[in-house]
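Below you'll find only one chain, the form predicted on its own, shown as structure tokens.
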Amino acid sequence: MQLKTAVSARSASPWSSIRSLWFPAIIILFAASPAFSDDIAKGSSGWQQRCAGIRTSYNPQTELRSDLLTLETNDPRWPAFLAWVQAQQLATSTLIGLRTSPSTDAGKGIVFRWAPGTPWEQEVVIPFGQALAHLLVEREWRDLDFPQFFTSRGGMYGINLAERLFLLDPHSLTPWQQFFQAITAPSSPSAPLRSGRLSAVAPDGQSISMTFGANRVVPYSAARLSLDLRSILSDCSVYSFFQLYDQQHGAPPVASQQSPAPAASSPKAQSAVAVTPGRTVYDRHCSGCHGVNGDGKGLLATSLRPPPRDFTQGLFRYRSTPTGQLPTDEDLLRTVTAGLPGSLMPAWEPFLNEAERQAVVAYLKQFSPRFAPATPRDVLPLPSPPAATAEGVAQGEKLYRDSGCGSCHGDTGKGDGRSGKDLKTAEGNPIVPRDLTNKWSFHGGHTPQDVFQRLSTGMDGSPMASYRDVFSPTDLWNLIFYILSLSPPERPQLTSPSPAG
């Protein structure tokens, strides 16, 4: 569930210079696309009637699937298919709202309208996890993008949308409902930000560019785009592509002895892990970033640095247990419930009830053999902080300098220390030391007790060691009060760089 900032490219499409290399057959495919009338049904049953009896080289012996798009990204038809998808404007979408009313989690999420104005037009409810990853990572929505909504609600801090709405109310979806009502209103200036379209396709079809809003260009892999296309298309609904492809390539559709295209199977279908409530929640909301196998390699996280947490390693930073020990279930539940401030790991309390959050905690532990029933977990005591004094802060500053904290976090605490430039996680990914002058970015929280726990337990999987046996409790509190003194008393507000909102 951890979400990080995606690579942003706001320049022209990277494929604009190589469009001239596309083979002429694709251009002919565009021109040969048949016109559709308004009476074509948009549902699966309508497509099923229309494609009944059609045979192509893709399905020489069977009916086309009306429930699934089985065309794989390694199929030789794939590059031409994406060019056809772009020409038909199938990969064009608009965010239209929030759906929270269904009694089951499966019917809840963020609603997108795909392929508007075409025979393929339909509304799709994207699960909260996948939709949030898309909005926060790929579109990079921040409070600064919506000043008309946030200015009157306490101002803007330059943080991601999920964290800002969490600050309004950490326990309910009310801020989310208000936000989506505001940005989807007819008079909202945010309308351009809600749009997205496929803007360029590489000749081999293995990478594409998506444009969101007016000028945010985001690279997608073929597998990532396939995730979206499978939510709106089936083999049956794209039967005209298979026909056109055969026409261009001279393939004899019925005479072919090719076996019927197999149904696309997902890793979830192949997994031997039993379907449990926790797995259902994880697959819908967490697998997009953390991966179906819990290895941090979800389709929505391919450009994230560092990648989302790899649960198979069994290394967790935000714990109440000593270094080297696993977190307690309460530790994991706290992270799932409240998220990680200053990161793109959202708080899940507004979206998942407590039973669902507990279930997903139980499920994610199955990814690592370290979570065995006999594994000891000793919770370290978390004392109440003493009163902060000027003398204690001064002593903390001395400890900060004498103990070498500045070598990573910098002499002034901005995270720019010389030794911090080469730091890596346990997985070998680069990691940047925390900027201590912005306590609101502390992922584990910024209260004195939050920081005390981090310094006492260490952050397994990162270079941040435990100082439990290095400093006395008094020295540790003095160091903490100095660190917190580096941030201003109030969270700084920022001004939006754009008029949209």
Ligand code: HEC
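Heads up: residue numbers just count along the shown sequence, starting at 1. Model, not experiment: these values are computed from the prediction.
One more form of this protein, predicted together with the named molecule, exists but is not displayed; see below.
A.B. asks: Counting only non-hydrogen atoms, which stretch in 279-287, 105-113, 196-204, 211-219 is within 4.5 Å of the named molecule in the model of the complex?
C.D. replies: Contact criterion met by 279-287 only.
A.B. asks: Please tell me which of 95, 225, 183, 137 lies within 4.5 Å of the named molecule in the model of the complex, judged by heavy atoms.
C.D. replies: Of 95, 225, 183, 137, the residue with a heavy atom within 4.5 Å of the named molecule in the model of the complex is 137.
A.B. asks: Quick check on this chain: which one of 126, 344, 80, 90 has a heavy atom within 4.5 Å of the named molecule in the model of the complex?
C.D. replies: Of the candidates 126, 344, 80, 90, 344 is the one lying within 4.5 Å of the named molecule in the model of the complex.
A.B. asks: Do residue 55 and the named molecule share at least one heavy atom pair within 4.5 Å in the model of the complex?
C.D. replies: Contact check for residue 55: no, nothing within 4.5 Å of the named molecule in the model of the complex.
A.B. asks: Determine whether any heavy atom of residue 463 comes within 4.5 Å of a heavy atom of the named molecule in the model of the complex, and answer yes or no.
C.D. replies: Although the named molecule is absent here, residue 463 would touch it in the model of the complex, with heavy atoms inside 4.5 Å.
A.B. asks: With a 4.5 Å heavy atom cut-off, would you call residue 164 a contact of the named molecule in the model of the complex?
C.D. replies: Residue 164: no contact with the named molecule in the model of the complex.
A.B. asks: So in the model of the complex, is the named molecule close enough to residue 50 to count as touching (4.5 Å, heavy atoms)?
C.D. replies: Close contact is absent here: in the model of the complex, residue 50 is far from the named molecule, nothing within 4.5 Å, heavy atoms only.
A.B. asks: Looking in the model of the complex, is the named molecule within 4.5 Å of a heavy atom from each of 311, 316 and 340?
C.D. replies: Yes, because 311, 316 and 340 each have a heavy atom that approaches the named molecule to within 4.5 Å in the model of the complex.
A.B. asks: In the model of the complex, which residues of 460-487 put a heavy atom within 4.5 Å of the named molecule?
C.D. replies: Residues within 4.5 Å: 462, 463, 464, 467, 471, 479, 483.
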